[in-house]
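Just one chain is shown here, as structure tokens, and it is the form predicted on its own.
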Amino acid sequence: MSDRSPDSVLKRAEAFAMELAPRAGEFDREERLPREVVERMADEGFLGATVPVEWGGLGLTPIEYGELTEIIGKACASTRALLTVHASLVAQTLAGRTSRRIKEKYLPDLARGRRIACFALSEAESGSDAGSEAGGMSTRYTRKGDVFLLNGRKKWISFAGIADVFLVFAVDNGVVSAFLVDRDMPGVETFSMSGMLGNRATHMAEIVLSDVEVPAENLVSGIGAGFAFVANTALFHGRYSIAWAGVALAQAALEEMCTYAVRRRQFGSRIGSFQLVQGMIADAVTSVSAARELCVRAGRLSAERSPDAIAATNIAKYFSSTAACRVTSNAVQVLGGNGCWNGYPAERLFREAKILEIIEGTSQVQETLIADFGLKTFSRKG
């Protein structure tokens, strides 16, 4: 990779996506992302998309990164998930929220894809409440001289099956902290998970930590910074990436339904001429356009470091993921029986879209956050 300019990066992404799209169904059925795809992502520099140039990354702006996410996500949701998990949730978070010592130790390798990272927050009984005072998290850490001892289990962790580095969150007496754990540390095990609704090729796994000794230097941002500082930052980056993922799936579904509607004939006419089908297409065109504009706005505010960036990102993620569910569902409807068969992409797009309403904060969590923002911002004073 020689040319790191945004135009060159996006052109390379488009060329890669053309190769990727015909294989997305294969990856989904086999429930694995081939090693050559991961290596290609690394070679093209995509895994360092959000990492500053000084650390070996591409240093893309938020909007440029969003465009990259849409290009890859439209071709293959599982490959896009690698971009979200590795580049946004972990690498981008470390670039902004950890010490220079940790950056020197991990960021260059992560930016170049020499090591793959995953984000280990969720547990079997802990999701949205992981950092709450209710103590939803069960993975524990204790201080033992110059190391921290970690014990617990993480579940639903994308790319844990192939990751070299885990960003792990653990609690001690209600205090959540974050640690970088290497796969080769004694006591680390992973167990593959299968049968997922979507993101089937993301090498999802459960992580088991048994008396894992983590060097004190691998503590990220200090004791107690795990959720409020590290996880919330990561989820902000992740939600932005997922917002663009929704645009990608909705755009792909829109193209599928329009292509089918101009070819398929019923009652002697192309189904695209039927008013009810046109209604679904009109909704899809509008939804995709609106979702993309909300993502662009969130990216612009993020680049400006505006205090409104968090709310704008929550809004974009909520609208984009719900729109993707509706548009992909309508694509299945337009394709009819073919929409229910894996010989066409529509059924896979439909399954993948539902995942977006759950990860990085469910739609219900987003509604709560957005409503809170609305009450504080739009209630008349006095």
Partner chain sequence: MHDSGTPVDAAPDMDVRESIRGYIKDNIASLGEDGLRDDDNIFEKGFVTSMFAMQLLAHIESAFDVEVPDEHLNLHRFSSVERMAEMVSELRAVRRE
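Residue numbers count along the first chain shown, from 1. All values reported here derive from a predicted model rather than from experimental measurement.
What comes next is about the form predicted in complex with the partner chain, which does not appear here.
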- Message: Please determine whether each residue of Ser99, Phe236 and Thr377 possesses a non-hydrogen atom within 4.5 angstroms of the partner chain in the predicted bound form.
- Response: yes
- Task: Answer yes if any heavy atom of Ile162 is within 4.5 Å of a heavy atom of the partner chain in the predicted bound form; otherwise answer no.
- Result: no
- Message: When the contact criterion is heavy atoms within 4.5 Å, does Ser122 count as touching the partner chain in the predicted bound form?
- Response: no
- With a 4.5 Å heavy atom cut-off, would you call Arg305 a contact of the partner chain in the predicted bound form? yes
- Query: Just to confirm, Gly222 within 4.5 Å of the partner chain in the predicted bound form by heavy atoms?
  - Reply: yes
- Message: Please tell me which of Ile358, Leu369, Ala17, Ala24 lies within 4.5 Å of the partner chain in the predicted bound form, judged by heavy atoms.
- Response: Leu369
- Exactly one of Val277, Val188, Ile310, Leu180 comes within 4.5 Å of the partner chain in the predicted bound form through a heavy atom, and that residue is Ile310
- Query: Any idea which of 191-199, 255-263, 163-171, 226-234 reaches within 4.5 Å of the partner chain in the predicted bound form, heavy atoms considered?
  - Reply: 226-234
